[in-house]
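Take a look at this one chain, the form predicted on its own, written out in structure tokens.
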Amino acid sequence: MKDPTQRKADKVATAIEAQIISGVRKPGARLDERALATEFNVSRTPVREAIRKLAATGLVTDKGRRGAVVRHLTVSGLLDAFLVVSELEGIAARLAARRMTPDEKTGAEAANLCCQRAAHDGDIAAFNVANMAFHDQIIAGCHNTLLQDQLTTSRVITFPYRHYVTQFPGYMLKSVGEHAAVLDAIRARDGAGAGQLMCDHVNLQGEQIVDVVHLLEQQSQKGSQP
């Protein structure tokens, strides 16, 4: 049984992770122990432990006495992360085409309908929530625990940047169409097709790469300013 400090650390880590994934805390943002302790109404001890946990997942960079920051990937690191996640989600979609239950398919369809509504409304926050639900449903539908564990670790690194990509003009509606194509392949039990469609959907391509490179350059310049 975990002691009270460990339970508090787990709660703080979960809350900070959610803030990073949702874009509240941007890549490169400093994690101040004193401020976090005040925010979550705990001592600095569970905050330190929470930061260690997040550093172990790769979501945070712990610089020791210099403090901790939300991990800021290099361009090559970001592209590698998206490449790995896209391949893993492609495998999940391929397996889901054979293993997904009717209820799971219905859940994925409902999530994509929410994506569509958010896209038409221009609601980026709502789209991000529904988009995550769609991908979560496909991953659940693969019924492969080892693959799900790997995605749990690797996806969180890309989430802050994936939410930025959502803001690209036309991306949300394009994404809805790509989701629909994946679902069509899954319904047809076309594992190879579903896998390739999902892989192409998740990976950064073309102008997206250029735009994210600009994002990283801007963040790097801001971080270097006194």
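Computed from a prediction, not measured in an experiment: that's the story for all the values here. Residue numbers run from 1 along the displayed sequence. In this text, rigid core is short for the largest set of C-alphas that superpose within 1.5 Å between two forms.
The discussion below concerns the form predicted in complex with a further copy of the same chain, not included here.
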| item | value |
| --- | --- |
| Location of a further copy of the same chain contact in the predicted bound form, chosen stretch of 100-108, 113-121, 128-136, 80-88 [non-hydrogen atom, 4.5 Å] | 80-88 |
| Contact test in the predicted bound form: residue 197 vs a further copy of the same chain, heavy atoms, 4.5 Å | no |
| Proximity of residue 169 to a further copy of the same chain in the predicted bound form, heavy atoms at 4.5 Å | no |
| Touches a further copy of the same chain in the predicted bound form: residue 26 (any heavy atom, 4.5 Å) | no |
| Partner proximity in the predicted bound form: residue 72 to a further copy of the same chain, non-hydrogen atom cutoff 4.5 Å | no |
| Listed residue (190, 49, 39, 178) with a non-hydrogen atom within 4.5 angstroms of a further copy of the same chain in the predicted bound form | 49 |
| Sequence-ordered residues of 130-148 touching a further copy of the same chain in the predicted bound form, heavy atom within 4.5 Å | 143, 144, 145, 146, 147 |
| Core superposition between the shown form and the other one, C-alpha change of residue 174 at least 2 Å | no |
| Yes/no, residue 68 Cα shift of 2 Å or more between the shown form and the other one with rigid core fixed | yes |
| Rigid core fit then residue 187 CA moved by 2 Å or more between the shown form and the other one | no |
